[in-house]
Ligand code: DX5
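Given next, in structure tokens, is a single chain: the form predicted on its own.
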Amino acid sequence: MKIAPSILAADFSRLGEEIKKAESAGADWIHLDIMDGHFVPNLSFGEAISAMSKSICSLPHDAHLMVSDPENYIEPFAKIKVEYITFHIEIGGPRTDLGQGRWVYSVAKAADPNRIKAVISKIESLGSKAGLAVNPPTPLKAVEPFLGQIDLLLLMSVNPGFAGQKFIPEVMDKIRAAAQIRQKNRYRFQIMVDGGVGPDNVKALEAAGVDIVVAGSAFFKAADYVEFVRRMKS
């Protein structure tokens, strides 16, 4: 099991220090949550902060593009050599209002295959590895046609856009199904889960087939980062 702290949950007043502490604590990746205020309700940061993280930390970085037009973000992140660039299967899909100024995008009938393939190809042509993210309301079948072409499958276990949410239990079935598809077809993609992950559910996630877990608030609010990583991996 690999641990990928999301620096969005770190203390931005001392962000560089927080990133270095995450690396020295035994984290495996650094997770970059990129939000445009349209695909998700919040804005976060862009390539400048991501480049800073790359410059001071030797861990692999993955950029999770929670944006409506990922085509506009790929080149800047590939240029700073972010190893994995992940975008959402729901781009171009319908938006569901969740109330209290929140919403989530899903897939109506089927994703636009030409657009999805074009974005994957662009990521790979610029030297990064491509990932696809799936929101909780979206069925796994929406992403199945593309699983043989990607290196990372990010299954959201909360509706994206806000930190500190609780894990949605129904996502476990999606994880198991993805792991079975991977094994049956000998696909190369790793399975990442993001949202509501901590020591209380990490063993179940690993047993279901998860390779990487994103830890945001749970990691950066821990009193001891080293102890948190040890508990997650033990």
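In this text the structure is predicted, and so the values were computed from the model without any measurement. In case it trips you up, residue 1 is the first one in the sequence shown, and so on.
One more form of this protein should be noted, the form predicted in complex with the ligand, which is absent from this view; the next part is about it.
J.: Sort through 168 to 176, 25 to 33, 50 to 58, 203 to 211 and report the only stretch with a non-hydrogen atom within 4.5 Å of the ligand in the model of the complex.
T.: In short, 25 to 33.
J.: Flag Pro70 as yes or no: does it have a non-hydrogen atom within 4.5 angstroms of any non-hydrogen atom of the ligand in the model of the complex?
T.: Taking the distances in the model of the complex, the answer for Pro70 is no, it never comes within 4.5 Å of the ligand.
J.: Taking 4.5 angstroms as the cut-off for heavy atoms, does Val229 touch the ligand in the model of the complex?
T.: Taking the distances in the model of the complex, the answer for Val229 is no, it never comes within 4.5 Å of the ligand.
J.: Taking the shortest heavy atom distance, is Val158 within 4.5 Å of the ligand in the model of the complex?
T.: Val158: yes, in contact with the ligand in the model of the complex.
J.: Even though the partner isn't displayed, in the model of the complex is Ala10 close enough to the ligand, meaning a heavy atom within 4.5 Å?
T.: Heavy-atom contact with the ligand at 4.5 Å: absent for Ala10.
J.: Where, within 52 to 81, is there a heavy atom within 4.5 Å of the ligand in the model of the complex? Residue list please.
T.: His64, Met66, in sequence order.
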